[in-house]
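As structure tokens, one chain now follows by itself in the form predicted on its own.
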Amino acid sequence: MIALLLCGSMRLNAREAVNDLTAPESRKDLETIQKSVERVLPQARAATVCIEIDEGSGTGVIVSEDGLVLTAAHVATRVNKKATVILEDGTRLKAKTLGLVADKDAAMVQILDKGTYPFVEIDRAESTRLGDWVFSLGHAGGFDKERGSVVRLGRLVRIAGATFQSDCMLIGGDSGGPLFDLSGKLVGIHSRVGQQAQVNMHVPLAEFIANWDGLINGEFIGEGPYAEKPEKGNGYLGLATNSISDGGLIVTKVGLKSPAELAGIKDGDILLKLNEVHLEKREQMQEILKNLSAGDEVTFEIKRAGKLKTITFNLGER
């Protein structure tokens, strides 16, 4: 996968001299900026995706042919979570979150549907400088096929440690989206949207590169404030069971508006498996739940009126 990231699908160009000017000095300078963006924008937009998780949405960008996506930690929210990635043409793909860096607002998502996806080159050389012209993309307000991702042009106005600040205009829904230089290299990921539309913070690609292996391996790195570390054992099902002689657990009570009830589990259902583990005693289910957290996905195989049924849902919080 790393090898794929070293050879992007965009044609990279030498640094434009207009980056070093305090302001454009001629029409030619303005045309240079315009032509640079026009040249790389189609590929950048093709790789920019909307990410839907639970009831919210954000933006991300594909950085490998097999569908590795970079986004913000506060968009991903947690590791190993179901997500939907929406391509520019509206195609909806199954995905899951990988690792995240909670104190830097960096995260990865992997598209699960097999395919070959458009992707962009990342800036591994840390070539970005203060004052550089950049452009941002994002699915502001959520996915809109007719509008597509929104492009905004600006400059880097501040570089401070693990943060880039630009004067690109961003709003809600842009979070996790890409920031490109004029050659089309990915230099940052949108993090915090300021109270003023032109004041916005981005995570430099160096933060992703420094934590690459942990992100790929699904690790929860760092301590807040962009994601809360799951607490094992605080997941809530909302049902009571008894063991039965021929195997499985019979549901004796389902809590009102509990995760189990909302998922469709009913009194009298027989729980045969939890996450592929055969259930014979209540203690087995309790042992599995000890290692899960609120928000984790669980899958039950149940028997109802002699018929088998599979129910998947997320745990609530105690």
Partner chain sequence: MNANWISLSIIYGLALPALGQQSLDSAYRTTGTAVLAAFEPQRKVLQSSSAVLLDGRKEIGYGVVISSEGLILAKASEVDLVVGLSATVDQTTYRDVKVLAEDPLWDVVLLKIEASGLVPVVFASTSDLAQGTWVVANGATTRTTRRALAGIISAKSREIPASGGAALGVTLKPNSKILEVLEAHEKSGASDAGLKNGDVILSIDGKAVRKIEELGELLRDRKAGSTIQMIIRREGKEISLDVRLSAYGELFTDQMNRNDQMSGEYSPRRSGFPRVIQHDILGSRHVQGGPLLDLDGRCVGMNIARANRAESFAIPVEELKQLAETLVKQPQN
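Every value quoted in this text rests on a predicted model; they were computed, and no experiment measured them. Numbering follows the first chain given and starts at 1.
Not pictured, yet referred to below: the form predicted together with the partner chain.
Residue heavy atoms within 4.5 Å of the partner chain in the model of the complex occur in exactly one stretch of 245 to 253, 263 to 271, 282 to 290, 33 to 41, and that stretch is 33 to 41. Not one of 82, 95 and 178 places a heavy atom within 4.5 Å of the partner chain in the model of the complex. Listed residues 111, 122, 221, 150 were compared with the partner chain in the model of the complex; 150 is the one with a heavy atom within 4.5 Å. Distance criterion of 4.5 Å from any heavy atom to the partner chain in the model of the complex singles out 156 from the list 102, 205, 156, 239.
The partner chain in the model of the complex comes within 4.5 Å of a heavy atom belonging to residue 141. With a 4.5 Å cutoff on heavy atoms, residue 133 counts as touching the partner chain in the model of the complex. By the criterion of a heavy atom within 4.5 Å, residue 57 is counted among the residues contacting the partner chain in the model of the complex. Shown alone here, residue 228 lies farther than 4.5 Å from the partner chain in the model of the complex, counting heavy atoms only. Contact annotation for 163 to 185: residues with any non-hydrogen atom within 4.5 angstroms of the partner chain in the model of the complex are 165, 167, 169, 170, 171, 172, 173, 175, listed in sequence order.
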